[in-house]
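Coming up is one lone chain in structure tokens, specifically the form predicted alone.
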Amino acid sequence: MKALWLENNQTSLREIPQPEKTNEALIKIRSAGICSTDLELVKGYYPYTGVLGHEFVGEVVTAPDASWIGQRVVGEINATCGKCEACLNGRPTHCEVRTVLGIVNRDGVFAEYTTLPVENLHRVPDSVPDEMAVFTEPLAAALEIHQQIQIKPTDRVLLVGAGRLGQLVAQTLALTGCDLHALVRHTYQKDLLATRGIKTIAEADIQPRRWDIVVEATGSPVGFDIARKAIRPRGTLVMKSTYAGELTVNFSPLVVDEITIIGSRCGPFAPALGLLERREVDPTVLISAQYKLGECLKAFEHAAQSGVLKVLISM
């Protein structure tokens, strides 16, 4: 089968064997999305060799449980053991021996086929088209914030960064009725938020030490610095992006101000699919371009350009 292969920070389109795992479902990929993690892996963020990609919608071809065959599905990216201390205590996304789709020791979805355990799969409602379903994984990541903290309508919430993931975070935060403002860099990002009634704010207008909750979604030292200055004493700082390289932080004022810092990663798929089915969020406005698998190298070049949101690869 054709697949986008990463090795030594170089991508190539190559022919590789179709995956065969008798204890997992074989999934024919219908559409897959390029995210910031994929782009950072190419830059060397994490030493990975294999097929890239983890955001997808596909159709089950074979499975240990025949009831899954023919189903249109999305899949959680962490394949876990179910036996380690983390798994047994309800923290499967932190499984000590997990593999991660297209990221850690498991080939990803920029290919004609992939495999995942059946327990990772979620059926896609018929009313949710592929161009929405392909956003399930990042939308679930956005919803993880809601799993971790209570957001009240009276909370002043600042979102720093409204790129690929930040836009979805903004849409989900807006559903809580909180007093939400987003700091954005580009006019088109501001326009996308404005269509949903989400307020934006200039950096100069961010009141320091006044925000109850700040979500940092840039993954940059500059974004973290803005977020840190904005959060009030005993406020909550949610880290929604991983950082390439090192981040220098003075922890003394964080201790003095009693700031709660929460790392936020993978999230719940079922609620994400529910939001898509009810049309409470609309991720399709983020689609910048679509390419075929044979054009995946060009797709990655496009996705890496400044200001580009979601680039999809369809089969």
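Note that residue numbering begins at 1 and tracks the sequence as displayed. All values derive from a computational prediction rather than experimental measurement.
From this point on, the text means the form predicted in complex with a further copy of the same chain, which you will not see here.
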Query raised in the report: Might S241 be said to contact a further copy of the same chain in the model of the complex, defining contact as any heavy atom within 4.5 Å?
Result: yes
Report task. Evaluate K199 for contact with a further copy of the same chain in the model of the complex, applying a 4.5 angstroms cut-off between non-hydrogen atoms, and reply yes or no. Result -> no
Requested in this report: Could you confirm whether E85 comes within 4.5 Å of a further copy of the same chain in the model of the complex, counting heavy atoms only?
Outcome: yes
**Report entry** Heavy atom of T93 within 4.5 Å of a further copy of the same chain in the model of the complex
**Finding:** yes
Requested in this report: Name the stretch: of 105-113, 177-185, 228-236, 130-138, exactly one has residues whose heavy atoms fall within 4.5 Å of a further copy of the same chain in the model of the complex.
Outcome: 228-236
Report summary line: Exactly one of L273, I287, C266, L39 comes within 4.5 Å of a further copy of the same chain in the model of the complex through a heavy atom, and that residue is C266
Query raised in the report: Between the options D257, D282, D65, E277, which residue brings a heavy atom to within 4.5 Å of a further copy of the same chain in the model of the complex?
Result: D257
Requested in this report: Give a yes or no on whether every one of R98, E144 and R210 sits within 4.5 angstroms of a further copy of the same chain in the model of the complex by heavy atom.
Outcome: yes
Requested in this report: Quick one: name the residues from 150-189 with any non-hydrogen atom within 4.5 angstroms of a further copy of the same chain in the model of the complex.
Outcome: R156
